[in-house]
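Given next, in structure tokens, is a single chain: the form predicted alone.
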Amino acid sequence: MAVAGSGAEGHSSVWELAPGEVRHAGIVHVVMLALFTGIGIVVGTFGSLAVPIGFVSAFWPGQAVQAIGGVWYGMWGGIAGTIFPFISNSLSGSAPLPVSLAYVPANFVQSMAAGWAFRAFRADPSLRSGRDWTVWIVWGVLVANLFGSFWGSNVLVFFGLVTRAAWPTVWAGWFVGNTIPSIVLGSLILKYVSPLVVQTRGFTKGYWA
């Protein structure tokens, strides 16, 4: 399997099936689902406890795990990124269960925006070109976190945990707290670990296999 280069063909090669290649979901994907859920619980809980600002975190590295999981493992990563915040929120005490349930759409988008975009635009997860970086920054960082912070901060207002007057500050803190680790940690992991991951059986070219 060729790994992507800088041209249009290189961008598509990571995602396209090789001649005669047939892919099926299997135990390796279930294992990766469990692994990313576990990693997300640890990273998400640590981030929530380390730098909390009320009901949000000033530096939440869990979003980087969410985005990377969706890029590498499609819907398996998306499921993991939607599940682990329930547990990390409970462990850190950062959100009651009804609030965590209301966060589901935000967590799903944060988990799959980059995963969808990399497949749709045939961008290389190893971030080999300016085009790859643009897809990552626009979809994996900005779009994912704009939606997530907007939805999540409004959930807090809906449940009466913050006032509407405090909403702009909460939204801004949420957006920055997710965006910084996405850019720093997410970019480093994609850049230097993706070349290894795309060669494994677990790498998901589609959404399930």
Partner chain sequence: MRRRKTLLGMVPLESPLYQFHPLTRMIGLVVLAVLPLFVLMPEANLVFLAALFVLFAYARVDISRLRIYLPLMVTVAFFMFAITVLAPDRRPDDIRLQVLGVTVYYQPLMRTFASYIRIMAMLFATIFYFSTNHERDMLVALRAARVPFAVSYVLGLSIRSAAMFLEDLTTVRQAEQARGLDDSGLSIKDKLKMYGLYLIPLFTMSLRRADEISNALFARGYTISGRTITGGPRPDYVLSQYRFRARDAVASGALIVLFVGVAALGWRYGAFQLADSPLNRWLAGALQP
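Everything numeric in this text was worked out from a predicted model, so none of it was measured. Residue numbers count along the first chain shown, from 1.
Absent from the display: the form predicted in complex with its partner chain. The rest refers to it.
A.B. asks: So which of Ala172, Val28, Ile183, Leu142 gets a non-hydrogen atom within 4.5 Å of its partner chain in the predicted complex?
C.D. replies: If I apply the 4.5 Å criterion carefully, the residue I get is Val28.
A.B. asks: Flag Gly177 as yes or no: does it have a non-hydrogen atom within 4.5 angstroms of any non-hydrogen atom of its partner chain in the predicted complex?
C.D. replies: Judged by the heavy-atom cut-off of 4.5 Å, Gly177 is well away from its partner chain in the predicted complex.
A.B. asks: Although the partner isn't part of this model, could you tell me whether Tyr73 comes within 4.5 Å of its partner chain in the predicted complex, counting any heavy atom of the residue?
C.D. replies: Flag for Tyr73 set to yes.
A.B. asks: Wondering, does Ser129 line up within 4.5 Å of its partner chain in the predicted complex on heavy atoms?
C.D. replies: Contact with its partner chain, no.
A.B. asks: Closest heavy atom of Val14 to its partner chain in the predicted complex, within 4.5 Å or not?
C.D. replies: Outside the cut-off, so no.
A.B. asks: At 4.5 angstroms, heavy atoms only, are Ala18, Ala113 and Ala209 all close to its partner chain in the predicted complex?
C.D. replies: Judged in the predicted complex, none of Ala18, Ala113 and Ala209 sits within 4.5 Å of its partner chain.
A.B. asks: Scan 148-168 and write down, in order along the chain, each residue with a heavy atom lying within 4.5 Å of its partner chain in the predicted complex.
C.D. replies: The stretch touches the partner through Phe159, Gly160, Leu161, Val162, Thr163, Arg164, Ala165, Ala166.
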